[in-house]
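For reference, the chain that follows is the form predicted alone, supplied as structure tokens.
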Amino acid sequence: MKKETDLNVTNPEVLSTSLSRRNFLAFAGIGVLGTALVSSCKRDSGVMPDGTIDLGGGDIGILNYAYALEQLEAAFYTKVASSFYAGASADEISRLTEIRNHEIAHREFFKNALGSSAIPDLEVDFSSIDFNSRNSVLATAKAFEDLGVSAYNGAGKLIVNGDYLLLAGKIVSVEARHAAYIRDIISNGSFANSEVVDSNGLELSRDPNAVLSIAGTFLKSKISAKNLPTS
């Protein structure tokens, strides 16, 4: 089992958050994943000649896919929390800061678990977001959280290793809590409306290509999912 002290988590944002790394990593099951992840699978992700980032194949590719989304969300909430929009309530500041902490913890978990198989840091493009506007920030947060939940739901069937599937289930549960909160502060009672839950009471899902097409709006980095499993 890989101990917390062996992990290369040096980002000061992580070290200063109210969510301790020990608690999150214990929750996520770092002992299950850890170095076994990279030792059992060959590296097949990387940067293509044109600069496009290839997520890779198999479970490693799916985990890199999740890592890419967590990078995007962590970058967004870090920007939000660096200077909150005018009129942000104390509750909004507290909850959005907590969400930032969770997303940073998710990002750092995947980065350390993937090790040398991790894709590079992504370059984001938030030029379409007005971080001084409550409506713009919350609408983007809603889009990211709904997208993240649908992404994990869509990717679950593609994961072979049961331990990784368990991990994904734990993280998507947290993302769903974020989504519910954001939706409710925008419009109370909309946390599980027909936009995200179908007539059978099931959360909607998206496949990786659909997710990356949407996420690409907020990325300067180009990502290829061509080697990800499809079934």
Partner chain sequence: MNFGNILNEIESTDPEVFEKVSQRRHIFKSFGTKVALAALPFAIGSMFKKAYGQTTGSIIDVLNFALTLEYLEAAFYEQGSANPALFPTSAAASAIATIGQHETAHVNFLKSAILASGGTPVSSPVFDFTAGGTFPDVFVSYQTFLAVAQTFEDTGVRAYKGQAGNLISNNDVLTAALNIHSVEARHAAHIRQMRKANGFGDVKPWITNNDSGIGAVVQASYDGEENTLQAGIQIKDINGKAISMSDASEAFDEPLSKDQILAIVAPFIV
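Numbering follows the first chain given and starts at 1. Nothing here was measured: the structure is a model prediction, and the numbers come from that model.
Just so you know, the form predicted in complex with the partner chain exists too; it's not on screen, but the next bit is about it.
Asks: Report yes if any heavy atom of T52 sits within 4.5 Å of a heavy atom of the partner chain in the predicted complex; otherwise report no.
Replies: Looking in the predicted complex, residue contacts with the partner chain do not include T52, since no heavy atom lies within 4.5 Å.
Asks: Going by a heavy atom distance of 4.5 Å, is I119 a contact of the partner chain in the predicted complex?
Replies: So I119 does not count as contacting the partner chain.
Asks: When the contact criterion is heavy atoms within 4.5 Å, does V160 count as touching the partner chain in the predicted complex?
Replies: Output for V160 is yes: heavy atoms within 4.5 Å of the partner chain.
Asks: Is D91 close enough to the partner chain in the predicted complex to count, meaning some heavy atom within 4.5 Å?
Replies: Yes, D91 sits close enough to the partner chain in the predicted complex that at least one of its heavy atoms falls within 4.5 Å.
Asks: Would you confirm whether the three residues S136, I214 and K222 all fall within 4.5 Å of the partner chain in the predicted complex, going by non-hydrogen atoms?
Replies: Verified in the predicted complex; spot residues all out of contact, no.
Asks: Judged by heavy atom distances of 4.5 Å or less, which residues of 82-115 approach the partner chain in the predicted complex?
Replies: Contacting residues: D91, R95, E98, I99, N101, H102, I104, A105, H106, R107, E108, F109, K111, N112, A113.
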